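Single chain ahead, written as structure tokens, the form predicted alone.
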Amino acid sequence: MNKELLLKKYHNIFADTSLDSGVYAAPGRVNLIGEHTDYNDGFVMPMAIEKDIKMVIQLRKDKKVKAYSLDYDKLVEFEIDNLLYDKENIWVNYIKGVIDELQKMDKKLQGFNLIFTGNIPQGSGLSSSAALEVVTALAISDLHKIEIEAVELALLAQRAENNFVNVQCGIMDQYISRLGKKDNALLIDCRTNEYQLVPFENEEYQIVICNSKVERGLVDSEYNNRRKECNQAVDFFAEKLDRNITALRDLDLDTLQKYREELSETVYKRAHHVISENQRVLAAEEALEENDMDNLGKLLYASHESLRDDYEVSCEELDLLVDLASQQKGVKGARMTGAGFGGCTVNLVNKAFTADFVEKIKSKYYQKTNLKADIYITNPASGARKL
């Protein structure tokens, strides 16, 4: 939805308060490479996508907030000084969480009216929740003339999800939604929170995201198991080696191989994925710096194989999408992206073959699964901004 239409819808619902107002946007994201490395102090490389959440907001003269979701067709009202978790309207908790974190910083807020809409598919692993947090934080801070640096705003949005929504997410989603830049991916060091933009502007290739339409049912329990198995590897090496080991980030493949016989097969495989995936992220950054799409594609395939075989978080449908992609003309690489057990794949596709790729993947995937894959074509997009 464009800015003008959203403003029109805003004025259909809310009366003009004659106070400051603005229109803001924040994008979703896809992780190019670096899966399950974040909670192991590793590296990730997401990019912002050309799908976002747009918000119109205007200050009020009281302490009331009126928030309207166009997508849910729902208006929720609450007082800024009385923020309670809403079990019925889950989406409003991301907004409340941001308000809560701003107030914890002793920022004095007044009420406001807002309306928002998004075209980031929910439940697809493309971070619609982080986009809502980031656009809310940007909008409120801008209208209240609160100066917050981009990194601090991303961290505030993350705290909103951790503390109010009670989802213990890492920093990647909020970082890329705030710090993303057109024609760039973002390399993030999850140990230090340092980041750097990585150029990704190629005349021939672009990213195509395939949504398997499989709900990610096992994620929570299996995620906890994977964390536990990674920690078992860390504990083993912390005791075994005469140096400080606090995360799998601190290990290399040679060391892992040396002690393979002393680890359970499962713990070995989990550690092997994380350590090798960190190497692939850094190699992918180098490939993008050199505009080497051949090598980038190989790294995507290798990442998927590791997620499938070592980390065991793929599923039949994701494996099928990667396999189908590998058979299409103009495809350099493909892998599952996100937590796993459903969600999306990310594909590096020659622009000349993109239309054919979309048609064939949809058709062949449906034939084999009876599921209609959604496919999104995107280039690296801009981060959160005022429109």
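If you superpose the two forms and keep the largest set of C-alpha atoms that fall within 1.5 Å, you have the rigid core. Start at 1 with the first residue shown and count on from there. Note that the structure is a prediction, hence the values are computed from the model and not measured.
There is also a form predicted in complex with a small molecule; it is not shown, and the following applies to it.
Visitor: Can you pick out, from 172, 275, 138, 300, the residue that has a heavy atom within 4.5 Å of the small molecule in the model of the complex?
Guide: After the contact test, the surviving option is 172.
Visitor: Exactly one residue in 195, 205, 164, 223 has a non-hydrogen atom within 4.5 Å of the small molecule in the model of the complex; which is it?
Guide: Contact residue from the list: 223.
Visitor: Choose from 320-328, 57-65, 356-364, 337-345 the stretch whose residues reach within 4.5 Å of the small molecule in the model of the complex, heavy atoms counted.
Guide: In the other structure, the partner sits against 337-345.
Visitor: Does residue 46 make contact with the small molecule in the model of the complex, using a 4.5 Å heavy atom cut-off?
Guide: Heavy-atom contact with the small molecule at 4.5 Å: absent for residue 46.
Visitor: Against the small molecule in the model of the complex, would residue 41 count as a contact residue? Criterion: heavy atoms within 4.5 Å.
Guide: No, residue 41 sits far enough from the small molecule in the model of the complex that none of its heavy atoms falls within 4.5 Å.
Visitor: Please run the contact check for residue 333 against the small molecule in the model of the complex: heavy atoms, 4.5 angstroms, yes or no?
Guide: Close contact is absent here: in the model of the complex, residue 333 is far from the small molecule, nothing within 4.5 Å, heavy atoms only.
Visitor: Against the rigid core, is the Cα displacement of residue 345 between the shown form and the other one at least 2 Å?
Guide: No, its C-alpha moves less than 2 Å.
Visitor: Establish whether a shift of 2 Å or more occurs at the C-alpha of residue 226 between the shown form and the other one, with the two forms superposed on the rigid core.
Guide: True for residue 226: a C-alpha shift of 2 Å or more.
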